[in-house]
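Take a look at this single chain in structure tokens; it is the form predicted alone.
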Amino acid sequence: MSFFSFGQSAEIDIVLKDAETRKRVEHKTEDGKKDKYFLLYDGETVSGNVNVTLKNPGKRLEHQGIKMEFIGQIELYYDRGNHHEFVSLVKDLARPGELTQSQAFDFEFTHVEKPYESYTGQNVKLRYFLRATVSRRLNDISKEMDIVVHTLSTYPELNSSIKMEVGIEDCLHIEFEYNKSKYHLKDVIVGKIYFLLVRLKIRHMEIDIIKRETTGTGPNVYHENDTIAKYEIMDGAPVRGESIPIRLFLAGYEMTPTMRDINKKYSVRYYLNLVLIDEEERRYFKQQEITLWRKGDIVKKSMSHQAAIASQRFKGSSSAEKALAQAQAKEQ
């Protein structure tokens, strides 16, 4: 709710404790623009203060309590009336009473579980935000502050190569191979394409990276395909026995980690799509799913912290402090 509404007499400002040093990242908004937001990870503590500034100094502000919320929610654009909350934490900052002067209130949410990555797509949005509210009889005064969460992963233990064949009987036989099936967001796709039989007059060949967003369930399932990248492999006719190397750098493209069945609401998957076009403009496709994951600048540190936090969830807070201290000692 806007705090310029009739009858309101205070403004709210939310300040994170480590705002001066915390990293900020660009994140796409619903209208396609990009803004910068504070970046947090799963298990990190969220703390700071709420500044309530009276517009008319000397005039009392009666309230029914002041609270701070940390919320993670999913909004499906075709069902905008319903916000599906998967994280909802509340801290009461002040009991009902009155403010006679501007005041700051501290808040802290310890080791907050943030299981999913922030995401703004074609039909769905997953967001995390802080919301401070001064409750009043007629109209509440509130302020929201969005934050961005990134999910970090470690290098996958199993990462087999991809080998596939494209064939049209007695006309075309192509074999292509990619070095692995799982890539981090700044990785390089390395591969080769072998032409074993070429009786079609191939004019053009390219590899596309396709992003497929799936939202909803049952009869209300929506699929949105978006071509993230086009990489030209060949312009001209190949000959039998020829091989073409592939090197596709992912760092230049805007992509997210692969997301599978997030809170049973949506999925985001990525595919390598091999496209061949012959001289009669006929198109031939072969598609293969790949898995994308985020490799953070502080993966080792983050994962050790997350290990400590996981320990807290199962063994209690005293064990968590011990695990956290051990993790920090190892990093030093």
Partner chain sequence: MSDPTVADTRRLNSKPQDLTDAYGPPSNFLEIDVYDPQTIGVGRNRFTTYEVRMQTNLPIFKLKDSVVRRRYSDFEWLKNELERDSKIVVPPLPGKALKRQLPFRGDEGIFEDSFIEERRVGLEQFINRLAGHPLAQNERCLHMFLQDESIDRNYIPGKV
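The shown structure was predicted, so the numbers you read here are calculated from the model rather than taken from an experiment. Numbering follows the first chain given and starts at 1.
This protein has a second form, the form predicted in complex with the partner chain, left out of what is shown; the following refers to that one.
Engineer: Within 4.5 Å, heavy atoms only: does Asp187 come near the partner chain in the predicted bound form?
Structural biologist: Because a heavy atom of Asp187 falls inside 4.5 Å of the partner chain in the predicted bound form, the answer is yes.
Engineer: So, Leu158 and the partner chain: in the predicted bound form, are they within 4.5 Å at any heavy atom pair?
Structural biologist: The answer is no: Leu158 has no heavy atom within 4.5 Å of the partner chain.
Engineer: I'd like to know if Glu280 sits close to the partner chain in the predicted bound form, meaning any non-hydrogen atom pair within 4.5 angstroms.
Structural biologist: Heavy-atom contact with the partner chain at 4.5 Å: present for Glu280.
Engineer: Contact with the partner chain in the predicted bound form for Ile210, defined as at least one heavy atom pair within 4.5 Å: yes or no?
Structural biologist: No, Ile210 stays farther than 4.5 Å from the partner chain in the predicted bound form.
Engineer: Considering non-hydrogen atoms and a 4.5 Å limit, which listed residue (Lys192, Arg260, Arg80, His223) is close to the partner chain in the predicted bound form?
Structural biologist: Here the answer is residue option Lys192.
Engineer: Which residue, Cys171, Leu138, Ala104, Ala251, is the contact with the partner chain in the predicted bound form, using a 4.5 Å heavy atom cutoff?
Structural biologist: For this set of options, the contacting one is Cys171.
Engineer: Quick one: which of 215 to 223, 199 to 207, 252 to 260, 141 to 149 gets within 4.5 Å of the partner chain in the predicted bound form, going by heavy atoms?
Structural biologist: The contacting stretch here is 199 to 207.
Engineer: Can you name the residues of 225 to 250 that have a heavy atom within 4.5 Å of the partner chain in the predicted bound form?
Structural biologist: Val239, Arg240, Gly241, Glu242, Ser243, Pro245, Arg247, Phe249, in sequence order.
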